[in-house]
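Okay, so here's just one chain, in C-alpha cells, the form predicted on its own.
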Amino acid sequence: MKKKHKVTILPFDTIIEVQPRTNLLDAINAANLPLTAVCGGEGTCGECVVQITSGRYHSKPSAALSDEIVSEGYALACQTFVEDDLTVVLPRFEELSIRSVVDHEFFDERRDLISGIYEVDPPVQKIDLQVEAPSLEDNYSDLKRIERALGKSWPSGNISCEYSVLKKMAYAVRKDHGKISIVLARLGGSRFIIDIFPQSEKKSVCGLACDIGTSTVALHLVDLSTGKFLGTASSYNQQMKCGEDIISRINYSQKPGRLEELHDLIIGTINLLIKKASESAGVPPADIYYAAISGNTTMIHLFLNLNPNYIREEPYVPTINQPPVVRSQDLGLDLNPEARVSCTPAVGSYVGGDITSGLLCTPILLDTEKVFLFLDAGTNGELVVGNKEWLMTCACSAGPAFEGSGIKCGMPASEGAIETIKIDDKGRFGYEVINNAKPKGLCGSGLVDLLAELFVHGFVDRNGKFIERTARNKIVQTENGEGLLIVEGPKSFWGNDIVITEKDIANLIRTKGAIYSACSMLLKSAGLKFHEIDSVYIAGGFGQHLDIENSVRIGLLPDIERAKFSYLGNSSLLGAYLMLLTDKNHSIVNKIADQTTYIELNTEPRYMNEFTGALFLPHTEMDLFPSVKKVFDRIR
C-alpha cells in the first residue's frame, strides 16, 4: 500500500489525504472547495489555476499559463498530479486588504454627525486596586475585600466572579501585597470579574470588532483603554466553499453534521484573522477580553451554531434577533477563555446586525425633518429609509456578482483587480489596477464602470447584448461563448485575455436590478419618491469605490442630485468598533432593532414587477433616469 500524501489547501486551511499521482483538481473537488474548470479538465480555460508553495508535483504544460507564471509556482490543478505532501493556495481566495476608512479621522471628523456615541468607556475594563491585607480583626474573604476595594471608586452592587478567577485569586492578592488588576465586564446590567492578576504582570486589555460578511470577514484589534486600533485583518469567509450566498448555506446546513461544519468554518476564519492581527500587534490572544460581532442574521446564526433553516421558510422567523452575550470558550474563539462576545441585534430574517450597527455611523437617528436612505450593497442588498422618528427596512438577494463571483473574469478588490475603466472616443480601453499590478481581472467597481462605458459608447444595447457594428472588432471566442476583449492576454497577469461575456452582463443587470427595485419598493411602501430623499449613505467595501455617475447610468442608483450621495465604507465593522467603546451604543442598536418596520419582499407581489422593470439599462422607464436619457439620445 503506497503512502498517502497530505495536501494542505489555503486559505481554507483544509487538509486532505490522497494517493500518489492523484489529480490535484480531483483532490480539491473532493475537499468540497470552490474550484472549477469549465473546459472539463482539458487545461485550456485557465480557471483552475493554483499556486503550489511547497512539495513535489508533476504538471503538464499548458498554453493557458505563461512560463513566467509557471516559474512562480502557479499551475493548472487539472493538469497537475500529486507526488509529495503539498501546500496549495487558491489565488481567487487569497488574503484581502481592507480598502476602506479604518482610522480615527472618520469619527473625529463626524463626531456630531453620527448616531452612535464616540467615547471610550468600554463595558470591559482593567481596574487597578489596592486590596487590604487580611488580619484576625479583618478576616473577610479575598473576594469580599476585593469588592470593598472596588466599591471605593465604583458604584456598589452585586458582582459575580468566574470560577477560573476564583482559582487564581489567592495568589493574585498576595503576590504584590494586595496590588491587583481585575478585568471587569459590565454588560446587560450585570457585572462579572472575568480575570485577575498581580499588577506586576503587565497585561493589556483588548477588544475585537468583527464584521462577518457572506463573502468576506474583517476585524480590528483595539486597545480598550484608549480605543486605538492595534491591528487589522481580513479574508474570505471560508464558508464560501459551502455556497456563495446565504440561501445555499442555509440549505447546506440542513444535512447531518453540516451546521457544525459551517460553524467551525466561520470560527476558523475568525481565529486565523485573530492570529494575524495579534501577531502584528504583539498582543497575546489571551489579552483579548471582549468581542463585538456584526453580521447579517444568517451569518450570526451560523456563528452561534443556531439552526438558520426557518429564516428562509415562510413566515421567515429566525431563532433570535437579539442574541445574548456568550463566552468565547463556548464558541471556540481563540481569545481569553472568559472573554465576552456580543452580537449586534437584527431587525428580521434578512436585515441583520450589520445594518443596525451600520446605522450608528450615519446621522439618520439625529434628525426628525430630513429623510435618509441607507444602502448596503453586498452579496445581499439591505436598505433602510427614515429618520429619528421612523425607520423602514427591506432586503434583497443581490448575489455576489459585484464581488467578482459568477463573472468569467471577475475577482474581489485585491491586488491586480481592474477597479476603474474608461473608453475613449476611439473605443480604446483605459483602466487602473489596484497596486498598479498587472491586471488579473475585474472587481465590482470596475465591472460597474465597464458596463456603463459599454452602454454609453454603444457597445451594448439596453438589453445588455453586444451591438455588432460597434463591438465586432473586440469580440473574441471564449468557452462561454462570445466575449468582449478588455485586456489582451500578453498584458494580463495570467497571460489570458480578460473579457466580459453577455452572460456576465446579464448577471450584472440582474444584480443591479435587484438593488434598485428593492430601493424603489421600499420608498413606495413609505409613500416617498427618490427626489424626496435628502441624503443617501452607501455602505460596504464595494460601495465605497463606486463611481456614482456610472452607477446611475446602469440603473443601480437613482438619478438624483449627486451631492446627496455619501460613502461610508464598511459601516458594519465601524459600528462594531463603536460598540466596543461603550455599552451605550448597545442600547441604541437595540432600539433600532425594536422600532424599525421590516418589509418582507418575499411576500410582496409588487416586487417582481419592480424587478422585471429594472432588467434593462438603465430601466424600462427611461424617464426615471433623465440624465442617462440625454446621453442615450445623443449616442443613438
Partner chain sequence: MTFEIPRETNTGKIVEVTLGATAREGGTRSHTVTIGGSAALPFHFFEGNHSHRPVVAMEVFDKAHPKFPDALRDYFGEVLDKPGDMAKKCVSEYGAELISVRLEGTHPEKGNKSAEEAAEIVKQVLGSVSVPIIVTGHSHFEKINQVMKKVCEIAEGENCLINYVETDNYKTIAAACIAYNHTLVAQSPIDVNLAKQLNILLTDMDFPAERIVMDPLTGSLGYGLEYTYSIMERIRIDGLAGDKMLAFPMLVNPGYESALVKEARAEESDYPEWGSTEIRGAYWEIATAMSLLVSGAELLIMYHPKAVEAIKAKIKEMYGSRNGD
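Residue numbers count along the first chain shown, from 1. Just so it is clear, the model here is predicted, and its values are computed rather than measured.
This next part talks about the form predicted together with its partner chain, which is not shown.
- Between its partner chain and the residues 248, 463, 130, 153, the one pair within 4.5 Å by heavy atoms in the predicted bound form involves 463.
- None of the heavy atoms of residue 17 is located within 4.5 Å of its partner chain in the predicted bound form.
- Its partner chain in the predicted bound form comes within 4.5 Å of no heavy atom belonging to residue 11.
- Residue 609 belongs to the set of residues with a heavy atom inside 4.5 Å of its partner chain in the predicted bound form.
- A residue is said to contact a partner when one of its heavy atoms sits within 4.5 Å of a partner heavy atom; residue 615 meets this definition for its partner chain in the predicted bound form.
- Only one segment in the set 287 to 295, 454 to 462, 220 to 228, 164 to 172 has residues whose heavy atoms sit within 4.5 Å of its partner chain in the predicted bound form; it is 454 to 462.
- Residues of 46 to 85 placing a heavy atom within 4.5 Å of its partner chain in the predicted bound form: none.
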